[in-house]
Each structure stands twice: as C-alpha cells, then as structure tokens.
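Listed next as structure tokens is one chain, alone, in the form predicted on its own.
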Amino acid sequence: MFVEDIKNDFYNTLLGNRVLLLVHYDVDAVCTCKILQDLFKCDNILYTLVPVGGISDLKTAYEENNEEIKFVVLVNCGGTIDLVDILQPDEDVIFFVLDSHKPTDICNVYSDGQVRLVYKDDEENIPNFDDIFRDDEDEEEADENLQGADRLEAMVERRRDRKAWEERRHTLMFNYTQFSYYGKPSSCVALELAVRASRNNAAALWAGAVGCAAHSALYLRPPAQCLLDAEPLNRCLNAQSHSTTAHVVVEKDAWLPLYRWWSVEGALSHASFFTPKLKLHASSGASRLRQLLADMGFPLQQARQAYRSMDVELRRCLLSALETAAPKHKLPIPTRPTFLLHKPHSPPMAALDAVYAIMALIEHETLPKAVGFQKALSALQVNGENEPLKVGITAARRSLEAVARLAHSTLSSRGLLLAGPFNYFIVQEGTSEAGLVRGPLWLGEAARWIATATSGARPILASAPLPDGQCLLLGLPPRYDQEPRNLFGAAFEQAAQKSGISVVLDYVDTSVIVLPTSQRTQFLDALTALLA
C-alpha cells in the first residue's frame, strides 16, 4: 500500500520506536540515509543502520537485527521484491519502503498494510488489483448448488474464464515488468519530509542536491525528468537565506568531473559525456584535445597545472571559453546549472564532484564496503574539514583514470565485440583497471563512455572479473542518455532459465548479475539467441 501523508503516516509512526534502517550501496541511498539520520537524531529515534548490497544481504541483515524491531525502513532496496515472502516477518512488523528502483513488486503495492510504500511515482502504470489477483472460492461454492448438465456447463465456463483471465494477467505482468528503470530520487522524497518537519537545513539541502546530481550524472532518469525531480529542491533553495555559513546555490558551472581538484586538461580528459567525442583513444586524439585548449585560449602549461594554481583570469573565463570552443569541435556544451555548496574560506564544492567521491568510497579498492559506506556518509557533512571527502576525491580520480584507460584500450584494440543484437567488452583479469573497475558503479561508467564513443545506438554489455571464478555482467540500453529504461533484467533471467546456467540474480538493479566466468561465453550465446 502507498502512504498518503509522508509525515503523519510514515515519520510520526516511527516516533518513540526503535527502527531498523537498511540502506543500499548507491549514491542516492547514501544521501537519503544522511537526511533520515539527521531527522532521527533531532527526534531521538533509536535506529540500527545496516548497508546492504543485494537481496541476500537484505535477508541476512533482517534476520540478524530483527529482535524487538517492529519498524523497518528500506532505502533503495526491497521495493522490487516480495518482501513478506522473502523475509517471512512476524505479522506485527511494518516495512516502510523508499526505493527509486522500479517497477515496484505488485505484492508490495497491494499489501494489506505490512508493506507501506512511502512514495508513488506517477510513471508507474500499476495494474488493477482484480486483473492480478482472483478468488475462485465463491464461484466454486456457487457451482455446488447446481446439478447435472448445468453444473458441468458452469464448470466449463468457469475454466474458460479462468484461462482468459490468466492470459490477460500474463500480458499485463509482462508489460509491467519487462523494463527496469528508476523513479524519483529517494533523497528528494526524504528532503520533502525534512521540509514538512521544518528541518530543511543546509545539510539536508546538500544531500538532496547530491542525490539529484547522481541521477543526472549516471543517466538514471531522462534529462527532462531530472529537471522536474529537482523542482522542489530549487524552491527550497530560493526560500533559504544566504548567510555567512554553509549554504547551497544553483549556478552555471562546468559539468566536468573534479576539475576544481584536478587540472583543466585532466578534467577534460575524463568526462564520460564529453571526452569520448574527442576520440582520445585514436592517434590524433591528443592533438584534438590540444586544439580544443588552444581555441579556449588556455596555454598547455596552465591547463596542466592544478586548477587552484591557474591564472585567475583563466579561471574566471573558463565557462565562457568552454561554451565558445565546444561548438567548433561539434562537442556538447559542457556547462549547465549545477548545485554548489558554498562554505566560508573554502572553494565551492560541486554536487557532481560529491557524486564521484561517494561512488569511489562505496567501491573503494582497499576499504571494506561497510567502512566505505560510513565514509561516504561523512563526506556529505557541510561544516568543518571533511577528510572523508578528500579521500573520496583522490580515489575518484584514480577510478576515472582507470575508466579512461579501459575505454581507450577497448576502443583502440577493437576490444568491443559484436554479438548479434548487442556489443560487449570484457575487463581482463590481472590488468590495473580490474581492481578499480570491478563494481557496477564504475563498470557502468566505463560502459557509458564506450557507448558514447560508438554513438550509443546499440545496447552494450560489460563484464568484469570477481573473486572465486565469478564475473560481473552489466547491461546498458541503447540511447541510455535519452531513455534509460533497461530490458536486460528480464532478458538475463530468461536466458539463465533457457541455458541452465547458475546465474546469481542478487543485485537490486536487475540489469546486473553474477555468473561463473567459465560459463560467460555460453550465457552470451543464449542471450544472443533470445534477443535476435
């Protein structure tokens, strides 16, 4: 069932109770968790926080922490599965689900109150209850009152109706579940709750801004929908008073990753939406980049040093130089309205940079995932020195460099392979990139880079090695930047059933699976036959 009033039916229900907070490993979920943590702290709500990476983690976390717990809040997990069937909770346990992954499981939608969905996305075309669920007991009782031929005729008619209903149900459920996609960022919904509770401070606004930027930067939503998602946040920003303390603003800025923490040349060389069109993997790529900098009026010496050490005049004219030079090279304009965090005596912090820093902390090459998650939460603080953010930015630079190397080597050595209806590439085990591009966040970034470099008209599969002879497989839809609905989740499941390969469908995002490396070729053959 859907919650009608987010404050009274959701938040006020938690007051005075102990809460189990289960949060998925993604940027939007971290931002949502940060907002909820601050709200819980203000109202003295006791909670247990457990980050989860998939359905098995979710089940384990609930089983280990459900003692004396009557309220469970799930952030970006649990919405797409039948929670009651998988977790087998006591009848008095209530689950509040705040999940941007779609489509929502139909059993959660029509739950009698044990599963409560905090937000309903207008894009979800949910089938009617009577079209999905049916009770035949009343009809059977009516048939018992008939005799002879009338009873036989009634039974035949009932079976015919049942078969027609099942066919309609199958068609409806297929249409409802064939694509996986993302709804409104959960952090925006949490921010609306903070506004209703009169606690929309700078920390909540910044977390909401980073969550919005994540959906835009990772192309989880169509561009026009991202603008609509950010509208409530923009209203809050317009209403805030710009004091001398930390505050969030919307300003036109360069949509280049980490350029304030890097060099202009470094940022231009590692922007996944922009750099692939320069074709840096080709022999003439470096000269194209130098020509772009020349047209911007940036000497190489200045472009290669740290942004903060550049000439002040060059820093001031960066945006106008990009807007002037990009069209000459038939490149997209790399400037757009951006959320910025302004703090006293500190340079502005772009929400895009925070997105990449959090991604790097979540999928850090050396930190345990739970430690990286806690550091990602700390990276969202708006006051004082932020050491976790600096760690994340350093790690993000290494990861972006690994993504660029992987993309360049794949494109220059013809590592992008054709398999009928899709292309695919494989991160080779033992390479320097394999340790950094091993999770779905950074592997997805590499897939988007390669898709952009090859026009993006065909779907792409990306695979990376995992321990114990396993590998990760991720699917990216065609023209992901305009319509990111993904059919690979349903396709993976069908291919696994037809091929008999032991595929692990554990990720919350169904377009990401794990399978044995030895059976990857066989699985791709089955997928090719299915989609051909």
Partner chain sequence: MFGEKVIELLKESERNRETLDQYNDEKIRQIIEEMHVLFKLNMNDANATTENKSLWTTVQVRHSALERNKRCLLAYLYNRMNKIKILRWEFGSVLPPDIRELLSDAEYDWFSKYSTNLATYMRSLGQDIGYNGIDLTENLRPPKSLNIEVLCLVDYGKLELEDGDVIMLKKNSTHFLPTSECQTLIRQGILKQIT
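What you see is a predicted model; the values in this text were computed from it and never measured. Residue numbers count along the first chain shown, from 1.
Missing here is the form predicted together with its partner chain; even so, the following discussion is about that form.
Stretch-level contact analysis of 35 to 43, 474 to 482, 461 to 469, 491 to 499 against its partner chain in the model of the complex, using heavy atoms and a 4.5 Å limit, identifies 35 to 43.
A heavy atom within 4.5 Å of its partner chain in the model of the complex is found for one listed residue only; from Val371, Met173, Leu417, Ala282, this is Val371. Within this chain, Tyr507 is remote from the site of its partner chain in the model of the complex, having no heavy atom within 4.5 Å. A residue is said to contact a partner when one of its heavy atoms sits within 4.5 Å of a partner heavy atom; Ile55 fails this definition for its partner chain in the model of the complex, lying far away. In the model of the complex, its partner chain lies farther than 4.5 Å from every heavy atom of Leu487. Heavy atoms of Val50 reach within 4.5 Å of its partner chain in the model of the complex, making it an interface residue.
Taking a 4.5 Å heavy atom cutoff to its partner chain in the model of the complex, the contacting residues in 61 to 75 are Glu64, Asn65, Glu67, Glu68.
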